[in-house]
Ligand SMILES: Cc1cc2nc3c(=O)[nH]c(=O)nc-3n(C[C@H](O)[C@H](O)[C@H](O)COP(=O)(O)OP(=O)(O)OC[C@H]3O[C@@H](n4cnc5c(N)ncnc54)[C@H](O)[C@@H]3O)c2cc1C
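Given next, in structure tokens, is a single chain: the form predicted on its own.
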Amino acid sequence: MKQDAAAIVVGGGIVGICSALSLAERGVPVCLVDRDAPGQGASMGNAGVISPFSVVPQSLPGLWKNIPSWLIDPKGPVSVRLAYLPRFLPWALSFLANGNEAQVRRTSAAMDTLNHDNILLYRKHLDGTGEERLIRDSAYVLAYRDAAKARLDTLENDLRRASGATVEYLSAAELHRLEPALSKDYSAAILVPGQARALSPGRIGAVLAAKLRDLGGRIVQADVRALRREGEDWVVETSIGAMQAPSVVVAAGAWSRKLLEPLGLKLPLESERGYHAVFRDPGVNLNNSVMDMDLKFVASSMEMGLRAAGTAEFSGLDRPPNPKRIAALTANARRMFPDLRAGAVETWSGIRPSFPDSLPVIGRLPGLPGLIGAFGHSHWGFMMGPRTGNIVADLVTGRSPNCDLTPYGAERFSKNP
């Protein structure tokens, strides 16, 4: 079989696009394969936050105390389908075990490596496309209804400061001067300046895919069904035929697990469904990205309207979206903005790939020469995409990445299969 490229990237989310683009920028013949149009899967549906200081893992000390109330609240931030609970429980226990402070600090440092220059890298990728305006300077506003919870002396803010962030307290008056559209129910906030937001995550994906084509990269829309080794190459079996290359990058998000299990690599990758609602004619505007710290969703003004995005639903990879979760998110957004217009609302749902330690797998996959992993970025795929792409390009071209890849190695799960 004839080689189709020097490298094939499986997965057209922002991680896959950035990986293929970084390879093409180095002159490597590359082909990107995905069943969807590039950047239009889970990467399209996020809240658009681009934060160098997004270094707080999902699992934290004491988090377990909140889980019962979250689960019984139909509008709460977490939902688990009852029938899925037996399969989900081992992952959940591992997730909670990763919430000890020592591990949280190690994880935070590894998150910082992938996030600290994400704004610069996005602007570099967008440079010359004519769409540089899709990234806008911003701050992150963490809004609280209970002012007593808006504390500067927390582990989370300690982690942000360690990554170089300035963290400020906002009184109710200061918060509403900054974001007058917010409900008066919010009585305080934590402000993290020095960030950016995407005006359209999906358009950024499409623009970078177009740049990839301009640099000679190929994009093939097809279902990837299997991977197999043939001599010194890898064969990618797709719905439109087989493709071959010496290097294959697995960046297929939550579907990566299915591709790798037949090769003997079993990883605790969980599919976490998220949702968003877009209010096309909202009648209100946000100057920054705002997170409701009680309900754990983020709102941001984008070119298509006001988007509210969030929630974590664990129900399995193939389970259809839950309309109750969409309704809850929409209701929460209306609660956040009392003057939000009651016009048309567009909703969306997608799957996040999540490991229990809040870190992705990035690097050469053990026992599978030529196969490189770049998946499992959980809530941070859009932020971590550019740096992950640079690391992938280093690995494919034989360069040594300028960072320690140990925290992201698939081998870290071998002690706890």
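Sequential numbering from 1, following the sequence displayed. These numbers come from a predicted model, not from an experiment.
Same protein, other form: the form predicted together with this ligand, not shown, and the subject of what follows.
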### Query
Using 4.5 Å between non-hydrogen atoms, is Val15 touching this ligand in the predicted complex?
yes
### Message
Contact with this ligand in the predicted complex for Ala299, defined as at least one heavy atom pair within 4.5 Å: yes or no?
### Response
no
### Task
Would you check, heavy atoms only and a 4.5 Å threshold, whether Asn46 touches this ligand in the predicted complex?
yes
### Query
Taking heavy atoms only, is Ser59 within 4.5 angstroms of this ligand in the predicted complex?
no
#### Entry: Contact stretch among 380-388, 363-371, 22-30, 63-71 - heavy atom within 4.5 Å of this ligand in the predicted complex
380-388
### Task
Just give me the single entry in Ala143, Leu295, Leu259, Leu306 that has a non-hydrogen atom within 4.5 angstroms of this ligand in the predicted complex.
Leu259
### Summary
Exactly one of Phe314, Phe337, Trp255, Phe279 comes within 4.5 Å of this ligand in the predicted complex through a heavy atom, and that residue is Trp255
### Task
For the stretch 264-280, return the residues whose heavy atoms include at least one within 4.5 Å of this ligand in the predicted complex, in the order they occur.
Gly274, Tyr275
